[in-house]
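Only one chain comes next, encoded as structure tokens, the form predicted alone.
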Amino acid sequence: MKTKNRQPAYPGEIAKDALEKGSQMFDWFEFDESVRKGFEEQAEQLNVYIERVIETNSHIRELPIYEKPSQQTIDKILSTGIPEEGRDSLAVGNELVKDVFEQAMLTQHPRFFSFVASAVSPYSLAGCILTDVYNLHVGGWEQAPGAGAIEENLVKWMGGLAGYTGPDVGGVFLSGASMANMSAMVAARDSRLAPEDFPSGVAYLSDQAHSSNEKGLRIIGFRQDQIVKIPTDDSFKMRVDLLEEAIRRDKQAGKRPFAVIGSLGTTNTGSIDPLEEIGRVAQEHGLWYHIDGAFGASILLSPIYRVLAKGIEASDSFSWDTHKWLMQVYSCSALIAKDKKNLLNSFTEHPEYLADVSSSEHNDAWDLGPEMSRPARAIKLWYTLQATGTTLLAEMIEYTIYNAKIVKRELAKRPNWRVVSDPSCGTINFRYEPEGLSDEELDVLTSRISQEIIGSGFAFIVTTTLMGRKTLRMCTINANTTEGDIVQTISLLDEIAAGEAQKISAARRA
């Protein structure tokens, strides 16, 4: 829509003539017609884009994982101004596809083995599109009762899988585990500490816990010295004996321990803390027990592997990112609490402008978490679960866990490879360690191997640091990954590693 030329108004005229000038400049009928045509035009164009995405996914295995945009493309985007008059919308959409969406990492690629990323369910994508198209606001129950019912149903179901029973189970869908873990710590703080005791409160987590936990504690006001990292054992699991020592020491020093965070699948190694033992310590000392299950809580769907989460039933809350292992479009995370009254106590506000849209029968989501305006994040997960059922998802989880064992098997066939952390939650760490190189040289070698395989475009594998040394890390939770993908990837890694090791040895001799 083209707007009429505006004449600048003098400051003295603004208050007097704003309404009149606005009504003269804005042609509602023209605007309404342009919006209608815009929807029709975009509906047609979206079909083209979706067909393009489907086509890309049909041959994704042949595509390079990362085609980094050129500096020219980045410079063009950075130098593009915001126009006063609108541009051709189809041209804008095509630019976005070409310069943005298709110039990013293909994290759903079957050989993308970094971070914690998986394939995307077509039903999640459909649910996401519907959610965006209908643009529901689900801050309060009355705004979208159906969406609220879906979220409440899923929260109860997820809590039930963790052994949370009773009428007080509650929770809320959030953008990710960063928000979920932080919100849990708000509830923990408010339920275990009086405001005057906040400065002496102490929370505990392992040295392998996700950084979002520490960040969230700092955001809600805790100093670094109030966040105690407990060392882990050789399997990268929290040492409960050291946790108990730390709690006793802090109590004797007059501090007020209030929370402990266990990990159900760490990002680095997929390790699962001794959840039962941590729960015993938390109960003994009256601590809020939160479990960061962002990655690993999905094993609760598997009849085979859910035993690994034993002890989660003793927790007060847990987080679960379904956009990690359950094939959901970003973002779809949940915070589940055993007693929702703790969430209500921390997050309920009753401003006068919400009086007429607050529910008396159901809890409003804005009273269960920090967000007021929020999308219907749970719908895509509901769509997926209803369309596929839980059996298929459970089998997918079991299959991807097995794929990490294939990685270990293939490494064992080749010399000089050492497994640093055994497969856990579909994650394994390893190093190439030929004789004659120092630890520092092996760290350099590990980084070079990662750089070379990423540069090849065949697979994406980055490094992490464990016990002070660089390691290669593979996460195999993409259900589209085949045994062939893994075998070819390990073969290429072996070839790259041998070549880079020779270069480092030659440089040393030179």
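Quick note: we count residues from 1 along the sequence shown, nothing fancier. Source: prediction; values computed, not measured.
There is another form of this protein, the form predicted together with a small molecule, and it is not shown here; the text below is about that form.
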Notebook entry, point to check: Among K338, R189, R111, H323, which has any heavy atom within 4.5 Å of the small molecule in the model of the complex?
Noted result: H323
Next item on the list: Identify which of A177, A297, A365, A378 has a heavy atom within 4.5 Å of the small molecule in the model of the complex; exactly one of them does.
Entry: A177
Notebook entry, point to check: Which of 315-323, 97-105, 151-159, 302-310 has heavy atoms within 4.5 Å of the small molecule in the model of the complex?
Noted result: 315-323
Notebook entry, point to check: Counting only non-hydrogen atoms and a 4.5 angstroms cut-off, does N181 reach the small molecule in the model of the complex?
Noted result: yes
Note to self: My question is simply whether G265 lines the interface with the small molecule in the model of the complex - judged by any non-hydrogen atom within 4.5 Å.
What the structure shows: yes
Checklist line | the small molecule contact in the model of the complex: H210, any heavy atom under 4.5 Å | finding: yes
Notebook entry, point to check: Even though the small molecule is not shown here, does A282 get within 4.5 Å of it in the model of the complex, heavy atoms only?
Noted result: no
